[in-house]
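Coming up is one lone chain in C-alpha cells, specifically the form predicted on its own.
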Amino acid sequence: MEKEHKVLIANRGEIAVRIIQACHKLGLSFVAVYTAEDAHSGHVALAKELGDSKSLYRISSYHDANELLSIADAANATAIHPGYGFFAEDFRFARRVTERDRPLIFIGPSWRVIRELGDKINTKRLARSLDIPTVPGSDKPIYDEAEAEKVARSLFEFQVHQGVEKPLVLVKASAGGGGMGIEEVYDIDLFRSVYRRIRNYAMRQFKDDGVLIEQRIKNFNHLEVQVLCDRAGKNPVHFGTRNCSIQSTGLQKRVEIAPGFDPSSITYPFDAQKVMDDITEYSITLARKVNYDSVGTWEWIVTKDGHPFLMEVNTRIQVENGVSAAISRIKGKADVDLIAEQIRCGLGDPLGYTQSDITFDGIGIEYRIIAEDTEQNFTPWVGNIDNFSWNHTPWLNMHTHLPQITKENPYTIPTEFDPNLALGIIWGTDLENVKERGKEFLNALSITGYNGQSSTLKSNIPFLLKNTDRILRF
C-alpha cells in the first residue's frame, strides 16, 4: 500500500468486528458506523477501543448510501469495505463509490465484475462458453412457447438417461427472485399450461414475460470454492472447498465444513477428490476469464453420482470464510486471515504468493450460533441474553459481536436484524477429531436469556449437536 488509508466499514455485527480487527492487524485506520439499535454491539465497543475520535459514527440506517458516503467524507476515509449483505454485491453502489467527485476504493470486486457475475443468466452463459458445467437448461430467457417445450423435452430425456426415476423441470420467471414465479413440472404434457401461467405471472409482476427452463436437481450437496485475487486480476488462487449442506428448513446455512468432502475417511459413490479438484479448476478458470480482482465464492451443487454444476458466484466475502482459512497455510504459515488479505489486495498490494504456496491441513467446522427455535421452523427468538460463555481452547476461534454480558448488564437482541450470535470455528486433525472437538465445544457453550413473555432463550445448539455426526456424509 503506497499511501495511508482509512477504511469505512459499511456493516455491523460480527463482520464489522472482524474488519476492525483486520484493519488493526494491517496498521490501517478505520471508521465504523452503528444505528441506535446497535448501540451496545461489540463492534461499537471495539471501535472505541482501537480507534480515534473519528473512528465511530452513529447513522440512521445501514441501507442509506448517502449517509454512508457523508460519513466517509467527514472521517476522511479513502476506502469502503461493505462486508456481506447490505451493499456488498450492489454494482451501482460500487460504481458510485469509485466514480464520485471524491472517489473511494471499493474493497470488493470492480463494479463491472459484480455486474457481470451478479446476473445468474450471464454467469451461466459465461461458464458454458468455457465448458464449465451448469445446471442443465436454458441460458437465456425464452419467449417462444415451442422453443420452451423443446428445451423441456430435452431435459426430461436427459434425466431419463441419467436414471432419474421421476424427472421434472423448473419453469421460472427469468426476472423473478426470492423464489417468486417458479413451478415444477413432472409431466411434459402439462408443460405448456404451466409455461403460459408463469409467463403471464412474470408479465404482471415484473413487466417481463421471459421464462427460464431448468432441470430440478434433488439430493445434492452444496459445495463452495473460496477464491482470492489481487487488483491485477491475472493469477487468482483458491483456498480449497467447503461443504454447506446442513441448512435450516429455509435453506439457510447452519454448519460449514472445509474441505467439501473427506475421501480419506468416507467412501463416496464417486471420486470425491476429482470432484473437488474439478470445481476448483473450473472456478479459477472463470475467475481468470473475467479478471476477478477480490475475494469471491463459487457455489456448486454436486449430485449423488458426483456430477458438479455451477449455481452462482457470490462477489463478496462470505460468513464462512473463516472455516476455509482455518485449514489453509500460506508458505507453511497458519493463522490465515482472508478478510485481511481481501483488504490488503483491495488497497493495491500484489498477492505475493501463488497456488503452489497454499497448502491445507486438517478439517474445519464452522457452527453458526443463532437464537432460534429449530423445532418451530427455525423461528427467531428475541429477548435478553444474560449469559454467554464458552471454553477457550487452542483449536477454537470464536467470532461474535456480543459485548461482555452479565446478569446485571444483559444484551438485548435487536429485532431489526437476524438473531445471529456467534460463529464457532473448530480445527481438527481429521474428521473424527474435529467432530469430537465440535461436540465438546457445543456441550460446554452456555447461553441463557429471557424475554417479556417469560420465554427462556431458544438456540440452535441442539440442532448443531444432532447434525455434527453426519457432516460430509451424502
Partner chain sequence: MELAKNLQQLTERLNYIRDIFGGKHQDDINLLSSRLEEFRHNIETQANINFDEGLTTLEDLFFFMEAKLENKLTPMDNVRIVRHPQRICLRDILENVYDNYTEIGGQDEHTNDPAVLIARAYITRKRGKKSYNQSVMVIGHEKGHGEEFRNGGSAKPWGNAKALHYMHVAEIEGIPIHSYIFTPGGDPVEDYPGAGQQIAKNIYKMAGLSVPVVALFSEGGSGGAEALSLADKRLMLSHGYYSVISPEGAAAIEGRLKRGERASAELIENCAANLKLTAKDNLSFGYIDQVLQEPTLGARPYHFDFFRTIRQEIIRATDEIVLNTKGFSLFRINQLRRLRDTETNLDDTYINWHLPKSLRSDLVENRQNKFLRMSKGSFINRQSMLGALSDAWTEQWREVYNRLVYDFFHRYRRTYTNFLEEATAEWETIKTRAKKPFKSAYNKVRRIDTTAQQELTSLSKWDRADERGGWNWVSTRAKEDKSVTCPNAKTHGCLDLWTPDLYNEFAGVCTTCGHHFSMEYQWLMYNCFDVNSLYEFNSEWEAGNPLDFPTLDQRIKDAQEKTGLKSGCITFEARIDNIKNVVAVLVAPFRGGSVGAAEGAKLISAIDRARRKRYPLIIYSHGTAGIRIQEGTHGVIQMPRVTIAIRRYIRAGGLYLVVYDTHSFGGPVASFLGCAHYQFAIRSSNLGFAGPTVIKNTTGIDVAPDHHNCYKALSRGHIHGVWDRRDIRMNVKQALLTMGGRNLYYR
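Note that the coordinates shown come from a computational prediction; the quantities given were computed from them, not determined experimentally. Positions refer to the first chain, counted from 1.
Just so you know, the form predicted together with its partner chain exists too; it's not on screen, but the next bit is about it.
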- Query: Among 63, 158 and 203, does every residue place a heavy atom within 4.5 Å of its partner chain in the predicted bound form?
  - Reply: yes
- Item | Heavy atom within 4.5 Å of its partner chain in the predicted bound form - residue from 181, 240, 137, 308 | 137
- Query: Which listed residue (151, 194, 301, 232) meets the criterion of a heavy atom within 4.5 Å of its partner chain in the predicted bound form?
  - Reply: 151
- Query: Heavy atoms within 4.5 Å of its partner chain in the predicted bound form: which stretch among 100-108, 316-324, 291-299, 259-267?
  - Reply: 100-108
- Indicate whether its partner chain has at least one heavy atom within 4.5 Å of a heavy atom of residue 92 in the predicted bound form. yes
- Task: Classify residue 207 as contacting or not contacting its partner chain in the predicted bound form by the rule of any non-hydrogen atom within 4.5 angstroms, answering yes or no.
- Result: yes
- Message: Since only the chain is shown here, I'm wondering whether residue 76 would be in contact with its partner chain in the predicted bound form (any heavy atom pair within 4.5 Å).
- Response: no
- Query: With a 4.5 Å heavy atom cut-off, would you call residue 128 a contact of its partner chain in the predicted bound form?
  - Reply: yes
- Task: Just give me the residues of 243-276, first to last, that have a heavy atom within 4.5 Å of its partner chain in the predicted bound form.
- Result: none
